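Only one chain comes next, encoded as structure tokens, the form predicted on its own.
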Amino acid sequence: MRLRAWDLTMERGGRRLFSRLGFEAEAGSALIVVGPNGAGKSSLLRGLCGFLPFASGGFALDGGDGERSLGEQAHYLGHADALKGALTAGENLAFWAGALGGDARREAAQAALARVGLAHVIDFPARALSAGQKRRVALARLLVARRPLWLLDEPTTALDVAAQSSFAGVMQAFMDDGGIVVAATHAPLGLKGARELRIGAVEGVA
């Protein structure tokens, strides 16, 4: 499997964010999107999901499901944790698993929370969790439904050093199983062999 993009140009509010952007990411690899604030890192991820339009160019997931869009084959994790405060951590994961066609059983939520070090909060309402715990529950959503591509926007926001290291292990295991990670971040993610895609410094150069 391979993610390809070519000649991508995006404009927002009458301003060109980037142009003629191209890149590739093979199965089992990570592409780290870096650049100054406002360069279009988040917009690039949202464009790949289909949430924002590109002015020109295209992208494809070679070897993926030809009947589904790239966005339908990807997990997108944005700045917001997308948790319902009145639901427990386990109920939030069950909701997302059902919405994404994954495993909505309690056992699956328990296993996903254990991977991010939060098995003990499965019955805690999300509103009672700290910012770091909420972020880890959001990250656990990646584990309750299989997707070959993870599009992550600042995934380690609010995580302490130990949690960052733990999530690096989760991402590495996903890559070792053939997954592709594309992450926009200002902080190192600790992934072996990750390639860098810089946008904003020199327009159109990837």
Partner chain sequence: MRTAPPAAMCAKFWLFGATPLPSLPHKGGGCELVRIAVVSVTPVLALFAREWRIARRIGGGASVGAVFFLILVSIMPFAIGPDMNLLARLGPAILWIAALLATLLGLDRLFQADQDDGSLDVMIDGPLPLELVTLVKCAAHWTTSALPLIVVSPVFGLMLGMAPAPLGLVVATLAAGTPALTMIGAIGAALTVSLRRGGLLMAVLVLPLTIPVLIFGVAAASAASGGAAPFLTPFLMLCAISLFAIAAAPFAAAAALRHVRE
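Given the structure is predicted, the values throughout are model-derived calculations rather than measurements. Positions refer to the first chain, counted from 1.
This next part talks about the form predicted together with its partner chain, which is not shown.
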The unique member of A131, A128, A114, A82 whose heavy atoms fall within 4.5 Å of its partner chain in the predicted bound form: A82
Can you confirm whether D62, W150 and A162, the three residues that make up this candidate site, all sit within 4.5 Å of its partner chain in the predicted bound form, judged by heavy atoms? no
Is F174 one of the residues lying within 4.5 Å of its partner chain in the predicted bound form, judged by heavy atom distances? no
Is K41 a contact residue for its partner chain in the predicted bound form, using a 4.5 Å heavy atom cut-off? no
is_contact(G58, its partner chain) in the predicted bound form, heavy atom dist at most 4.5 Å: yes
Is there a heavy atom of L100 lying 4.5 Å or less from a heavy atom of its partner chain in the predicted bound form? yes
Segment assignment from 175-183, 141-149, 162-170, 28-36: heavy atom within 4.5 Å of its partner chain in the predicted bound form: 141-149
Residues of stretch 1-28 in contact with its partner chain in the predicted bound form (4.5 Å, non-hydrogen atom): R12
